[in-house]
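Shown next as structure tokens: one chain only, the form predicted alone.
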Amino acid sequence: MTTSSVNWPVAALRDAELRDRTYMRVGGRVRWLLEPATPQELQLAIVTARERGFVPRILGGGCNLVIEDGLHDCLVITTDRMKRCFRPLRGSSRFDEQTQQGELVHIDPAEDPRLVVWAGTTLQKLCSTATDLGLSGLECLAGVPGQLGGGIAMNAGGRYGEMWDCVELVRVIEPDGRMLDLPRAECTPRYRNGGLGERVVAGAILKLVPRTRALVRERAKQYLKEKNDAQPLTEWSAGCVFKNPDKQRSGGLSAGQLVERCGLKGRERGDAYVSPQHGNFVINRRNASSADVLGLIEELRAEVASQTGVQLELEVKVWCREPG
């Protein structure tokens, strides 16, 4: 792997390995990996990539992603260096880029219960920051991996709430490279979909609710315990593989319950297997290939459809070597 500071206006790696940049720990290499450090650099990276004939793929935390093995002859932009989370300047109502000043103005959270967050901030760092400030609304993300950008794009969350419940404004980059601020009222998020289409999340303003630190901490602790009891959070996986189907079609069963009902927990393919703890998780034992993982996922879909008539829809994203 070699570093290039000549060909690109942001930090760049050639022939970069992607495997360890995902929670599933599978995947090959990419021809170019760009690493912007700010929303402005992210915009510049996208514009430059398109000017040079690339259709860039955006890599956040890699938690809901399975990448095929081999060389991907394309360009990927990672938001991993964009880890900034701060309170806005006093009186600010927009996504303010004066981050250094913003960090020095300690507004009482009860007066302005908002956070300005860049796309690469991890959801766990975000939960921790909100808890330390006594701001409620993000406890539903306790134990959820990934970054803010992906969390907004996919409307991360669960039974206790969703990412978009707290979004006041999202800053996005349009496919043509324009930066645009979208108030919550202009957006239409839905289950596991932020409704942003091909727009790329650069950051957001989150509006939370002032509570006591003890209350926020206890609620997050409770949610995390419940998730640890039900899900294999410490294993190598891409999170929930399938979206939960419409309850009328599934008889009220979730995707994981359908997999379990069909007797598929523990099924293996190579070094990939279905978690005995939760039927909607495929685990990489340590040396699984993407072919193991994707093949096992297709086996699950086919078996569930055969036994129940329910066609499960993927929640995880799959990057193939050839676009489309």
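Model, not experiment: these values are computed from the prediction. Residues carry their position along the shown sequence, with the first being 1.
What comes next is about the form predicted in complex with a small molecule, which is not displayed.
The small molecule contact in the predicted complex: Leu44, any heavy atom under 4.5 Å: Answer no; every heavy atom of Leu44 is more than 4.5 Å from the small molecule in the predicted complex.
4.5 Å heavy atom contact, Leu215 and the small molecule in the predicted complex: Leu215: no contact with the small molecule in the predicted complex.
Gln231, heavy atom within 4.5 angstroms of the small molecule in the predicted complex: Gln231: contacts the small molecule in the predicted complex.
Heavy atom of Tyr273 within 4.5 Å of the small molecule in the predicted complex: Answer no; every heavy atom of Tyr273 is more than 4.5 Å from the small molecule in the predicted complex.
Answer range among 216-224, 198-206, 243-251, 128-136 for contact with the small molecule, defined in the predicted complex as heavy atoms within 4.5 Å: Of the options given, it is 198-206.
The single option of Pro113, Pro88, Gly157, Pro189 touching the small molecule in the predicted complex, heavy atom within 4.5 Å: Of the listed residues, the single hit is Gly157.
Contact residue in the predicted complex, chosen from Gly279, Gly27, Gly61, Pro39 - any heavy atom within 4.5 Å of the small molecule: Contact residue from the list: Gly61.
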